[in-house]
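Okay, so here's just one chain, in structure tokens, the form predicted alone.
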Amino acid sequence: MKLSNFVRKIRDVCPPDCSACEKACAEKMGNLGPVINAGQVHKAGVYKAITCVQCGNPACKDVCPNDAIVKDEESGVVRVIQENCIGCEACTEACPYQNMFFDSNAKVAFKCDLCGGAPECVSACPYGALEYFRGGTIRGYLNDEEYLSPGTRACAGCPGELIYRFSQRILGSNTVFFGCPGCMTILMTGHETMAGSRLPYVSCLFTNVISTMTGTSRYYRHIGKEANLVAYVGDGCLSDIEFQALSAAAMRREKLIVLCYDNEGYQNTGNQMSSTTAFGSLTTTSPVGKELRGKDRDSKYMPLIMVAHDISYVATASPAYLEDYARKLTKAMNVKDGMSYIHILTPCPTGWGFPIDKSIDVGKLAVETNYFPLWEYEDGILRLTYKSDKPQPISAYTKLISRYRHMNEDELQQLQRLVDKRFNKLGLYSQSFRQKEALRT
């Protein structure tokens, strides 16, 4: 996994009659350009801006016979050194995204180089549809080695796989994973005689993940060995079946890292309701019909429950905000006394009902609507790590997801009130913790 800086679409608001990004790019590039295309994709009626993604292993660079294409190690930007270009056009043929271009008059290849770090297309977009993603800030958290096997057996679009792969790159080789039956088991155990990862994995039952980790931790302490002991399990395990053992280990201040991937249900067995399933959600055990309208109560908020245990570190995270998660997981690794718990919202395309290419969009809107705020609890202080300047209504989130489409206006308003109540409670906790800290100092 090599993360570069690149321009990405962050909202589906690109209209068919706008070409502001193209015009800004053409003006910046002069005779060469534009290198961004704002138009209809594959004649399917989808409009979006398309530009170079600054590939981790750029095919254009690999085929260049004269070393005219380079990738900057710091920024990840792929550039053409036009003085070295011999005009063979091999790069334009090799680019799988058709984002390499050739000027037949100048006889040189050209492409997006992010305008030296300030992309004109982003600032020119009047709809806020584009974002300059700085992957370079994330790379500093990552080990160079890839531990998870190529490909994936997870459902298409599953962000749980992204988080698992990303977590391994941060945690490094001195790590032992623990898990139980669930969506990610197929990644963690491997297939037939082939391991899923080059990091050790202990397969447990639903009821003994934490106790198995505790025994391992005690043995490691006995032999003087230090390692990251990491649980990567779903909400069904931690919020329901395994909660007693989790609570007891938190009370004993066991030195464990617990990562909960929350897809808000028992998705591995067919989308049954769990205690973290949101109000109004349609699941196989909270159906919609004459008698029921989906889940009829609010979800259990596990992160605050773990704060009540006063453990060393608690945080929430999202695959849509990887730098925020990388920083938080690094903090969890550095905890020397007691448990660290990170609760990660992992939207499920299969169980929730949204297109497989919308997982990050759904995750982002969960944060932007305050449905899933990003915060951390550290040294007795709770603070938000991201706060939207203009929170969107919960309907902006629910309209992307089919399991909410039965909800009428009154039900959406009830969900909005629940979201506001939880967010305000976080604010009160944060204020209270700050006041206590001021009295202490």
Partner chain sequence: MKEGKTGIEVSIAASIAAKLARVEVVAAYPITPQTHIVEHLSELVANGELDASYVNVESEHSAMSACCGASAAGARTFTSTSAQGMELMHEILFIASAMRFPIVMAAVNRALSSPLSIWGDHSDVMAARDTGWIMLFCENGQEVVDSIIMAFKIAEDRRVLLPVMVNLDGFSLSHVIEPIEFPSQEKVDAFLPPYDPLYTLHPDKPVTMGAYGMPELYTEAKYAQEMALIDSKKVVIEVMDDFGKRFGRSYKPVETYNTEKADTVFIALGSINENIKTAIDMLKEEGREVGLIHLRLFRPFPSDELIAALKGVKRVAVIERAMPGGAMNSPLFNEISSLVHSNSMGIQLNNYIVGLGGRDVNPEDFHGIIDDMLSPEAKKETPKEEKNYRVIGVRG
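Worth saying up front: this structure is predicted, and the values here are computed from it rather than measured. Residue numbers count along the first chain shown, from 1.
Form predicted in complex with its partner chain: not shown, discussed below.
J.: Looking at 211, 299, 82, 312, which is the one with a non-hydrogen atom within 4.5 Å of its partner chain in the predicted complex?
T.: After the contact test, the surviving option is 211.
J.: Which of 356, 195, 118, 308 has a heavy atom within 4.5 Å of its partner chain in the predicted complex?
T.: Spelling it out, the residue with a heavy atom inside the cut-off is 195.
J.: Look at the candidate spot formed by 178, 186 and 218 and say whether its partner chain comes within 4.5 Å of a heavy atom in all three of them in the predicted complex.
T.: Contact check passed for all of 178, 186 and 218.
J.: Within 4.5 angstroms, counting heavy atoms, which one of the listed stretches 103 to 111, 85 to 93, 166 to 174, 361 to 369 is next to its partner chain in the predicted complex?
T.: Partner-contacting stretch among the options: 166 to 174.
J.: Is residue 77 near its partner chain? Define near as a heavy atom within 4.5 Å, in the predicted complex.
T.: Outside the cut-off, so no.
J.: Within a 4.5 Å heavy atom cut-off, is residue 252 in contact with its partner chain in the predicted complex?
T.: Residue 252: contacts its partner chain in the predicted complex.
J.: Residue 142: heavy atom within 4.5 Å of its partner chain in the predicted complex?
T.: So residue 142 does not count as contacting its partner chain.
J.: I'd like to check something about residue 156: if you look in the predicted complex, is any of its heavy atoms closer than or equal to 4.5 Å to a heavy atom of its partner chain?
T.: Residue-level check for residue 156: no, no contact with its partner chain.
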